[in-house]
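We begin with a single chain expressed as structure tokens, specifically the form predicted on its own.
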């Protein structure tokens, strides 16, 4: 059953991409992409339930789906589905019908590479899948062909490829360390690395981990390796920004989580967790500074992504069932909330013809319904109840208080307050201030651009009021896997 679901999961975006490139019909490309994304979302949930009973394997064990991988697949599939629906309404506004099939072909290819990374059992092939996400998404970042988007695409591929090169070096050192224990040639699976790690020379193990942490941390947007993220997020089309923030960062954090599990139980365990906590709190600190002083609407959303990837890093670094559960719950909630925020930002940019916060005013006069959803999403992304991010952040905070890193928990609370005030101050101005003599634009929201906002908002509210017991069981299962290593 799980094997069949896996085949469907990969077949859907492949078919959508092939149809988009082969037929070159913009309408067919749109609907094929939406159909593939919805099918992947429908498939991802039963796949998660299936692997709770044990991992599924394909292709001579090169493909292996455990509960952690399946959870990240669910999060990616949610964003893929929401962003595909939103893209139909948003991309039509660009008046680029001739190029739309190429966009949707790349869009589905991007989703495919992220999904593939989640199931790679060979550590080297996992690196290849992550690198493929970079190569494909670079063309999406620069799709609008403006000077700023082209520059952002170049910066993205240079910075991220540099970081990923460090991850490759760390992977090679992990393999070398394992070869001193398991022999000169072995299948470099996650389980094999976990088995070898306790016997590897500790300084070599630590250097290997730090290299992969910096490498995949660059792709995840952890500070100070985050420099590509504000430009790429702000210059990409809005549905691509949602995929970069709500899906790609999750796939990169999956690599960090798996390598952290490899080091667990060794003499370098404490150093590794301290490093992850350090990067997490530093990311939060950098994000808080730039959020307060931000002038561009999509760059504001981008630095919010740096903040929330820092929260996930803190949860993994704090460790324990609470820390892991908080990080994974936050992954889901951030995927939903950041998609909502980028959709709202895309609507505002197209209506006002600007990315500058100071030129966006009286949003509710332009978008009464989607504008209200965007404002509520802003309250949620700032960490306020009753929305889901408050619950996941509170869980991470509880884990921090009970961990050896209480100083980070204290800093976490202080920075949360700074971000809350700074982020919502921008929205207060956009919603309730009016620039002298400003003409209020009019632009119909359109069902394609409003529906995905509802589909993101409703779960955010429900998950903020009710943490399903089934999700807690999933997180507890994943926590046990990470503490015990892949088998």
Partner chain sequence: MFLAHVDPLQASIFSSLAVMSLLLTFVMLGSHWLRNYVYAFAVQSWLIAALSASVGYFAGYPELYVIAVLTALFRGLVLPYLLMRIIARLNVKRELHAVLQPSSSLVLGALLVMFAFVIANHMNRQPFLAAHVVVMALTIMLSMKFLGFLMLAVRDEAVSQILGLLVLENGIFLGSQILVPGMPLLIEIVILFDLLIVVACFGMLVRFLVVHAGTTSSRQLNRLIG
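None of the values given here were measured: they were computed from a predicted structure. Numbering follows the first chain given and starts at 1.
Below, we turn to the form predicted together with the partner chain, even though it does not appear here.
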| query | finding |
| --- | --- |
| Partner-proximal stretch of 383-391, 334-342, 367-375, 140-148 relative to the partner chain in the model of the complex, 4.5 angstroms, heavy atom | 140-148 |
| The partner chain contact in the model of the complex: residue 207, any heavy atom under 4.5 Å | yes |
| 4.5 Å heavy atom contact, residue 261 and the partner chain in the model of the complex | no |
| Touches the partner chain in the model of the complex: residue 154 (any heavy atom, 4.5 Å) | yes |
| Interface membership of residue 285, the partner chain in the model of the complex, 4.5 Å heavy atom rule | no |
| Partner-contacting position among 94, 401, 292, 180 - heavy atom within 4.5 Å of the partner chain in the model of the complex | 180 |
| One residue of 275, 351, 397, 166 in contact with the partner chain, assessed in the model of the complex (non-hydrogen atom, 4.5 angstroms) | 166 |
| All of 10, 31 and 117 with a heavy atom within 4.5 Å of the partner chain in the model of the complex | no |
| Contact set, 222-242 vs the partner chain in the model of the complex - heavy atom within 4.5 angstroms | 231, 235 |
